[in-house]
Ligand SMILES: Nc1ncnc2c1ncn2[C@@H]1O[C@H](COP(=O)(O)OP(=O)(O)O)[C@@H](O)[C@H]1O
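This document opens with one chain alone, in structure tokens, the form predicted on its own.
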Amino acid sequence: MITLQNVTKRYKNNHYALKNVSLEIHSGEFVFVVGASGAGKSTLMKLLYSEEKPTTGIVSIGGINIANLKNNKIPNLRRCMGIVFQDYKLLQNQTVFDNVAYVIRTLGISSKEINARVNGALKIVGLHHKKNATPAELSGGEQQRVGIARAIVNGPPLLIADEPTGNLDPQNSMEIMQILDQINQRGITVIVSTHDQNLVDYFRKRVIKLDNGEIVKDIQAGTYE
């Protein structure tokens, strides 16, 4: 599903965020991307949803090289994936239901279908009973659940989560990761960047470790170290 070939990302100050990175992630995998702050995790994730473009190399998703994707094509790319952010990025003046529905209301589907998809996504993350609440009425863990529901409401084959537990306590972090694991068991490819060693060690998924922009470990059923 995802292939990076000799990908380098160099910024204007001549700082290398990624150096000659090559990897493959297959459909249905659950992958942790780990490493210290500044290792290149977020840059790698941003390349996948075309927030950043590589300086050199190929980034291919579903056989399409997105490395030089034109800006007007990026929304189409992102409709094929779900993205979960560390800081939730919820619309504060909208209800939980409307936050989740926001991404599919532009697709021209019926209100009945929107209701079905949103309610289904909220049930998966355990928040159907709070669909009329606003983000201000939710805990951090609940807000991240809304973010996950929004990411999966369109049934994407790929879910990208960039430090999804970075602002959460250990209990909420575990619950969020369990939800992501359950989503992966539905056949969705899940890629999670994290610095949480305990979660990585507990779930024993594929681990790709970055250090100074280079892959230093890629192991199945691995641990952080």
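Keep in mind that what you see is a predicted model, and the values were worked out from it rather than measured. The numbering used is simple: start at 1 and walk along the sequence shown.
From this point on, the text means the form predicted in complex with the ligand, which you will not see here.
Using a 4.5 angstroms limit between non-hydrogen atoms, S37 touches the ligand in the model of the complex. The ligand is not shown here, and in the model of the complex it never comes within 4.5 Å of any heavy atom of S173. For Y11, a non-hydrogen atom is located within 4.5 Å of the ligand in the model of the complex, even though that partner is not displayed. Though the partner is left out of this view, S50 does not reach within 4.5 Å of the ligand in the model of the complex, counting heavy atoms only. Only one listed stretch (42-50, 179-187, 60-68, 165-173) carries heavy atoms within 4.5 Å of the ligand in the model of the complex, and that stretch is 42-50.
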